[in-house]
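Next comes just one chain, in structure tokens: the form predicted alone.
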């Protein structure tokens, strides 16, 4: 690991999950860090930003946290292991779909709690200073100057440091400033006609509903998707994904009666949430679903975009935070390779991460269809079963893309490439199925492996 003698402060804009983890990486390398965050210190207030209440940590996220020197067991004490998803069908039945192999799980944790843990680590770093209620107004990348507005005093100030690191989220002020200045800055913003709203299900209400804490609960209803994530304190986070307008949309749920009828028709087993959550529903904001791609992420070695500021994605593979954490780890590796040669560090980082983050952004968007529509389709369920049996029988030859994404640290772009190849394999196996019994699926798999002398990895 590089131990730098670099004396100029590095300014990080954004003290969310990615900004705080990156500051921990940099502080270990003796850099002087100033972090500026537009919100108040989240440990001192109750946040209601509309963002997901719960996030999930997968293998690549854990690796990034561990490489930063964090106490993994301490963080895990605030998580709930999710070995799979529990699908709630319209007839009242449920089924369990495992995420990985036996004993493997994703880990759900409160977004705010994880942010608090990272902030508490930074509190103990003498080379890190944190400034809250400081909103980025403008950036002059050529001079490494950031203009800030203090939310309390309403006074503006200017800070200088090299480089500027933007981890200020999907609506990045730094990125917006660059977009205004640079005619060669490519930016695409794909907005869905869906949005989501976050609700908190109390511990007491959770008990009343008998929510099984050993899985992510999914109510797939075509254009409507309801998710419930168990939390370590016994509560749950409930995410509603609906169209913005039209039937069964946020636009149509304007009264308490509309809302209760909506659940009565689509998820009657969740009627117990009401009337408790009516106030939350009508007071909590909706957040639109969108994907953001842009390039270049850096400029003349003076600034760099990381996390959602560079590659915002829809949340359906749970990789927004995990990809941002991986950004931090790769950034630190680039620093160790190139030292304080910032143009090389930033350019190499961008070249490594841009193709991979584009890949996971695309895969996340595709996964929404699986969660909302296909997950209740009988032929899709047989397909998933065939994938699981193929993986169980030939784990060294066939690894499903979702497993590569969540339970390995294989580059996202390679997981995306694997998906198209493996889709073809499963198509061929399923074309020879006589029934959906384990026996027939196993026979079709074995026949395919023998007939093709299967060696794909």
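Numbering follows the first chain given and starts at 1. What you see is a predicted model; the values in this text were computed from it and never measured.
Below, we turn to the form predicted in complex with a small molecule, even though it does not appear here.
Within 4.5 Å of any heavy atom of the small molecule in the predicted bound form lies no heavy atom of residue 215. For the chain shown alone, residue 326 is not a contact residue for the small molecule in the predicted bound form, no non-hydrogen atom being within 4.5 angstroms. Though the partner is left out of this view, residue 331 does not reach within 4.5 Å of the small molecule in the predicted bound form, counting heavy atoms only. Within this chain, residue 134 lines the site of the small molecule in the predicted bound form, having a heavy atom no more than 4.5 Å away. Stretch 307 to 315 is the contacting one of 291 to 299, 382 to 390, 355 to 363, 307 to 315, since its residues have non-hydrogen atoms within 4.5 Å of the small molecule in the predicted bound form. The listed set 242, 139, 228, 321 contains one residue whose heavy atoms approach the small molecule in the predicted bound form to within 4.5 Å, identified as 321. The single contact residue among 38, 28, 416, 63, judged by any heavy atom lying within 4.5 Å of the small molecule in the predicted bound form, is 38.
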